[in-house]
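One chain comes next, on its own, written as structure tokens: the form predicted on its own.
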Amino acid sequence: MALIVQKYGGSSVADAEGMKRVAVRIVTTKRAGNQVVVVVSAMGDTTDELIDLANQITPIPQGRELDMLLTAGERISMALLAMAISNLGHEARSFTGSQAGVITDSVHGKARIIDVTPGRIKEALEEGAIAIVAGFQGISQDTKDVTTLGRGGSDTTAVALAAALDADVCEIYTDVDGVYSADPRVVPNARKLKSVTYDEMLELAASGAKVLHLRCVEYARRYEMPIHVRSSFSTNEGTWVVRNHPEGDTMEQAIISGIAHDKSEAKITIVGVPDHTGVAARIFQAIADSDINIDMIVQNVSAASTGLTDISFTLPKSEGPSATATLKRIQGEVGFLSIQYDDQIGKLSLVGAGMRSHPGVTANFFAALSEAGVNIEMISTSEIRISIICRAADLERGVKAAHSAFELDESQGEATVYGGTGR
């Protein structure tokens, strides 16, 4: 008997018919002799609708109460799904994140999981029931308040539960058939990957690929939990996220596994920074103290005549106002001249373990972008990734050009997109 954790995203349970279809799949897995734990997201656009409603009440909702509001979406889903499974003749028990033992820190809106103590889940499984868990939420270890894990947190809930239960596999169901070489909404002939390593998936997720949440992949790598990304709208085998590519998988020989893009970032340039020891440290310490995540950083060579330089960095658009306010507070202390804010940028990333041993990847990448008329504003690299910043208007053109340049196009037709969000 295998223990399988399945996670269903909002597009899979968007309406009553979707709930019934998912219930049939869960019951089929149970009838095959498996123990089943299900993590479910809020229906469709419920979370966005709840955020909009809160913003109609107040422009700055209190974090504790906003988390209490948003967790209602998953509670609705879990109860309805349990009812649908019961209609098929199987017992299902629904649990909130706190009831499932998901213990977090006390940061509202983007809490991190500290521990998972799934005693009630184990009890339900031992008694032959299917356990349904509300994703995206937990309970603070310190304050005992309800918390949310941030966007895509249901992925993290599923992998964390799978690790705590020592499950055989964590299946992440979405509205596409797996992980593709690019977003099939942008590149219709993107290729589905049979497998992708944790390291490659971490880079793809961090670079904007929406199919898996970054923290979910980090958790899976830490506990070596295999993830099977597949569609809830078909029975096709999906993509396996594992430590190493299986023997015989042709993707092992590929230079590039995938291309990710992201329009959710903005760029801040600090103009006229004194080029003295400790100045950059003071700037980024202030940013860190404001709990703001930054991505790419570029510092220009200082001008010999003035001793001043410019520092640019990218960050989520949602944190732009906070970062700008933080920098203005320390402007007098640091002594820089001005701040420039640009939210019309896009990030394009090339990811693949094969680029470690293949020279010429960077040259081919930049040549493809040049031919497509895409101007590069910033560059960042890791051992298996090259990322660039360009104009947001040029981003999709750049994705298509790079995808073709590295011969990632699928020759056997277009990818099927069953829903609308990629999650």
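In this text, residue numbers run from 1 along the sequence as written. A quick note: this is a predicted structure, and the numbers were derived from the prediction, not measured.
Only in words, not in the display: the form predicted in complex with a small molecule, which the text now covers.
Student: Tell me which of 343-351, 146-154, 86-94, 122-130 has residues with heavy atoms within 4.5 angstroms of the small molecule in the predicted complex?
Tutor: Answer to the contact question: 146-154.
Student: Just one of 37, 42, 388, 26 has a heavy atom within 4.5 Å of the small molecule in the predicted complex. Which one?
Tutor: Residue within 4.5 Å of the partner: 42.
Student: Would residue 265 show up as a contact with the small molecule in the predicted complex if we use heavy atoms at 4.5 Å?
Tutor: Flag for residue 265 set to no.
Student: Wondering, does residue 74 line up within 4.5 Å of the small molecule in the predicted complex on heavy atoms?
Tutor: Answer yes; at least one heavy atom of residue 74 falls within 4.5 Å of the small molecule in the predicted complex.
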